[in-house]
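Presented below, as structure tokens, is a lone chain in the form predicted on its own.
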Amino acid sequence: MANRLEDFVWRSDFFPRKLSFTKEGKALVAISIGLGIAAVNTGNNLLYLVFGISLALIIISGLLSEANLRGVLVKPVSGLRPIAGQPLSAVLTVTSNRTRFPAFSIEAWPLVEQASSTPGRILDLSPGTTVETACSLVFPKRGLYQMKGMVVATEFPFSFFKKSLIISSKSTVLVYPRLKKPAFTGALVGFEGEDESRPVAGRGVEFFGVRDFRQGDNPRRVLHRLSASKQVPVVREDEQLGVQSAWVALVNRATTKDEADVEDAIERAAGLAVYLINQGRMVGLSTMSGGVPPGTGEGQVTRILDFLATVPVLPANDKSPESIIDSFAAQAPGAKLLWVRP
């Protein structure tokens, strides 16, 4: 019941300040209640005095913590691309708009539902200064998460309570699936040997043709016998080496009522795609819910992981044919099709 009430307070916009008890605070409140009951029953003036002091400490703690949070702002963070289950370090910029007094024992972190966080801590924030601190976030699974805002909190001065302020900054966080390494990380079947040659001029080993010498050409590539009967020297050109391309074909349909097998397949597809791209391959992604055209480099890694972060899990009773995957793969004829099934 207590946890549900605390969650309601944190999720609700009705409460401008969030207050939670620390272990010391719970002990202080329990002792204060006990002293109050004992003082009423016994009529002992000393107990009334101690009871009054404990209540005064609670009030002073609330006033000082409220003053400690005033004028402290946290710049919203954006562009976070964490991987599910892996800690993500985010740099936060904390600014004090005060002109006289410093702020002490400040904590800051992004408020994202379902994500566990370790706040960034600042012991002393001088007036009119800006300080950077790092927090850590862990997301349980892939998907799109809603960020409600940035939290500024403090336990100053007595650590009886933690008072927090949410600075509204609504945005989203796209969480990538876990990257499971392929079971076999050597040369995959169909990728052994050298890259294929393209019928265009470029850097390679196969002969493509000859052309007139141009400024900047390597003199070693001049064909002297052919050049002897011409006014302009000619040079040899080779065929361009092409990067072998692959399509990661993901069947995102559950085989049973349990959808965990599809999540595992998504993680294996993500790991396989990233591995192939890091090997210099041109990789595309094809699923029963869409796909990503072939590409290379870090940009293609981002595009594929962005797509896999929100790709739906089709139920077992879905009648969509797997031929949908082949229609996407047809965009790159001759590419190696690598199936990933639940």
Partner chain sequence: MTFDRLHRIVTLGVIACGLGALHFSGEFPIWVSLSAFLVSVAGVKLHPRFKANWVIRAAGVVTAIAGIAFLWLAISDEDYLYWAIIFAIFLGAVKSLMLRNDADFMQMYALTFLHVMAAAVVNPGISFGVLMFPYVILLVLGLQLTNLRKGIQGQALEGAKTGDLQTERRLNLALARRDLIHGGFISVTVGVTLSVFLISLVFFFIFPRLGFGFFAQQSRRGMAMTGFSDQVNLGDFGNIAEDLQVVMRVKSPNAQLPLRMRGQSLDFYDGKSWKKTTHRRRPMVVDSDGIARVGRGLDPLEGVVAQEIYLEPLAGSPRVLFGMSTPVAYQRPPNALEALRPKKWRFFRDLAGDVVLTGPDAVSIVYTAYSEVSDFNPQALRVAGNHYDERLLELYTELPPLNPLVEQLASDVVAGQNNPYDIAQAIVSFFHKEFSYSLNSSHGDYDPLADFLLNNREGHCEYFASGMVILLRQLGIPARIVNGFAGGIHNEYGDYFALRKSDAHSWVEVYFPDNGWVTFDPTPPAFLTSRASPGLLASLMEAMDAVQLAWYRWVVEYNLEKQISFLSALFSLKKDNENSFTGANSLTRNDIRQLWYRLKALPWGYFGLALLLIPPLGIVFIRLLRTPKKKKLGDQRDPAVKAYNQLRRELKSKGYIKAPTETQLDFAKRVGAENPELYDHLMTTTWAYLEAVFNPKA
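Positions refer to the first chain, counted from 1. Heads up, when I say rigid core I mean the largest set of C-alphas that superpose within 1.5 Å between the two forms. Worth saying up front: this structure is predicted, and the values here are computed from it rather than measured.
FYI, the form predicted together with its partner chain isn't displayed, but the following is about it.
- Interface residue among 67, 53, 316, 33 relative to its partner chain in the model of the complex, by the heavy atom within 4.5 Å criterion: 53.
- Taking 237, 267, 259, 155 one by one, only a single residue has any non-hydrogen atom within 4.5 Å of its partner chain in the model of the complex, and it is 155.
- In plain terms, the part of the chain that comes close to its partner chain in the model of the complex, with a heavy atom within 4.5 Å, is 159-167 out of 142-150, 245-253, 159-167, 223-231.
- The shortest heavy atom separation between residue 183 and its partner chain in the model of the complex exceeds 4.5 Å.
- Within 4.5 Å of any heavy atom of its partner chain in the model of the complex lies no heavy atom of residue 96.
- In the model of the complex, at least one heavy atom of residue 119 sits within 4.5 Å of its partner chain.
- The shortest heavy atom separation between residue 128 and its partner chain in the model of the complex exceeds 4.5 Å.
- In sequence order, 24, 31, 35, 40, 41, 42, 43, 44, 45, 46, 47, 48, 49, 50, 51, 52 are the residues of 21-52 having a heavy atom within 4.5 Å of its partner chain in the model of the complex; the partner itself is omitted from this view.
- If you fit the rigid core between the shown form and the other one, you'll see the Cα of residue 288 move by less than 2 angstroms.
- Once both forms are fitted on their core, the CA shift for residue 277 between the shown form and the other one remains under 2 Å.
- In the core-superposed comparison between the shown form and the other one, the C-alpha atom of residue 301 has shifted by less than 2 angstroms.
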